[in-house]
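Next comes just one chain, in structure tokens: the form predicted on its own.
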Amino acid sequence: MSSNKSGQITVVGANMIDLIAYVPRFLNVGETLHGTEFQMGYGGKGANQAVMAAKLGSKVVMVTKIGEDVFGSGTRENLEKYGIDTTFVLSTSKAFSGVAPIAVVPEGQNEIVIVSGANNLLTTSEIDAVRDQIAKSAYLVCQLEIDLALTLHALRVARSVGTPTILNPAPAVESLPPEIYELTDIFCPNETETAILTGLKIDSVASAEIAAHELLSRGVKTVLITLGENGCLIVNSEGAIHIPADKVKVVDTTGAGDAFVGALAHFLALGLTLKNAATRAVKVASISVQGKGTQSSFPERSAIPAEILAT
């Protein structure tokens, strides 16, 4: 799959401030636990994916809403630092910027709470104002971290102007409107999200493929399931392709899925095949889990092996 448009990527999604606590284990109900380290970083699935694509060299337009607070101004500056177009990073006084408290255990797994705040005050008319940017983009990238109606509207706009879409259905919900599947060209959940959406247990590549076919039956063109240390699985009408991941020492998996999606969009926008783009995105995500934090763990171009970047 490739796009005949420019290499630009438009991302409609959330921005968050990640409040990351490193803890010896996950908490029990009512428990207070001493953490070992704290970090604050810029996150939100939309912003993360935009940053990863921009770090790789894509021209990225971010569409989101921030609060008129220190977190919001910091978010705008952070996006601009990576060269992201913030024309459509809008602000409001009616809510605080979004935050995401995160607990990370020594094995690298995490638990995340998201409070969307200003993100959900984005409006459909504000998305309509980005129509021309979406029209000239190689891909539109969306997630489910802002109000579902807004994501659905963005996908409709992309379809109306002929721009291919990538939907990362996270955080997952058990039921999605049928239209959202039909408007998605590449549906990119992880194992947990796939299980929630299909009701099927995902414990192997084979079971992931069964679940992928269920998603295809709902109208998606291509399903791309990320499988953590097992890489990813591409399933469409042409068949199934499993792309394994390199074995690495995992430090923190926070944001790895976003690193994958942002990298996938970048390589697809360059015109690479889906298999080639996904193979490279797996390698980029594998680099990200070897560092702490979210955007801070996303590799710069200079830290990525040349063969991954070559076109």
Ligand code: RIB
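Position 1 is the first residue in the sequence shown; the rest follow in order. The structure presented is a predicted model; accordingly, all values stated were derived computationally and were not measured.
Beyond what is shown, the protein has a form predicted in complex with the ligand; the following relates to that form.
In the predicted bound form, the ligand lies farther than 4.5 Å from every heavy atom of residue 12.
The ligand is not shown here, but in the predicted bound form it comes within 4.5 Å of a heavy atom of residue 114.
The closest heavy atom approach of residue 44 to the ligand in the predicted bound form falls within 4.5 Å. The ligand is not drawn, but in the predicted bound form it has no heavy atom within 4.5 Å of residue 84. Remark: of stretches 219-227, 134-142, 196-204, 100-108, the one touching the ligand in the predicted bound form is 100-108 (heavy atom within 4.5 Å). Looking at 233-256, the residues that come within 4.5 Å of the ligand in the predicted bound form, counting any heavy atom, are 254, 255.
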